[in-house]
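As structure tokens, one chain now follows by itself in the form predicted on its own.
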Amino acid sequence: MHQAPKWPSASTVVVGVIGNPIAHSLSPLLHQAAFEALGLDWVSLGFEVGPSALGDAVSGIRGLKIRGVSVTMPHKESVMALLDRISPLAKALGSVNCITNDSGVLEGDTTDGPGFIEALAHGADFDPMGKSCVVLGAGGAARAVAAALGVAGARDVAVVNRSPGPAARAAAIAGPAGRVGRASDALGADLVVQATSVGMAGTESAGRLVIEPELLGPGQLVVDLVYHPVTTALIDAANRRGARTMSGVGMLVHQAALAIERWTGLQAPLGAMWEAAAAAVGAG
């Protein structure tokens, strides 16, 4: 670890993560593990930013020359109007989770979908090609997952959401494989992804399920993108039903690695980042 007074210094590069709440975020830990492994004089901080302060926070990224910021709930959509450039993928998804400050020009991108596909390969040896998939939710993370599954060659991507309009938009992003689905589509699906905030610790939905456990079973991979707690009520129920499971830690690590590469121009040290995640939450 760096020792004072050498670090941090006036030349230390700052990145961070903005969201509300933010205290649970593992992003600064993962970023810092990467910077240590790469030998960079960089630091990552968590910034709790309420909706009314988002404009000020984005101005601060420019004014303080913060190199990059990860964006989490509830700002992935609303931050887009405050940025200078939006990547084609982020524009299609209507969601940004990564901001890069290029000499005062702020560009928004999304690393969630590609990070999710890499997490499936790393954490579960799962290839979506030709598979039947169900995505629960239609928000920014759900749209990113649906789009990534479509690009990865999934045979069927059923988007399940209480509001049909958002479900249809998310399904369209998945391409020809996408469609609006029902919860019952999870029965027999190869992959079920819970992509809402339901089940997050410290919220009113903690301990709740978004799908009946009877729809899950052996031969399936069930992924809950919530990672606080790592073992959500859904993960516990799916385990009891004999399904394979994966928490949201994998997607978090791999989307963070892609952000590191955008900010630094260097290959992210995935091994170090996974070690940091495992030490923090016991993920493998």
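Keep in mind the model is a prediction, meaning the values are calculated, not measured. When you see a residue number, it is the position in the sequence shown, counting from 1.
Below, we refer to the form predicted in complex with a small molecule, which is not included among the displayed structures.
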| query | finding |
| --- | --- |
| Site check 135, 174 and 178: each within 4.5 Å of the small molecule in the predicted complex by heavy atom | no |
| Residue among 251, 33, 49, 238 with a heavy atom within 4.5 Å of the small molecule in the predicted complex | 251 |
| Option touching the small molecule, based on a heavy atom within 4.5 Å in the predicted complex, out of 142, 98, 90, 186 | 142 |
| In the predicted complex, segment of 226-234, 213-221, 55-63, 37-45 with a heavy atom within 4.5 Å of the small molecule | 226-234 |
| Contact label in the predicted complex: residue 162 to the small molecule, heavy atom within 4.5 Å | yes |
| 4.5 Å heavy atom contact, residue 78 and the small molecule in the predicted complex | no |
| Residue contact check: residue 71 to the small molecule in the predicted complex, 4.5 Å heavy atom | no |
| Distance check, residue 208 to the small molecule in the predicted complex, heavy atom within 4.5 Å | yes |
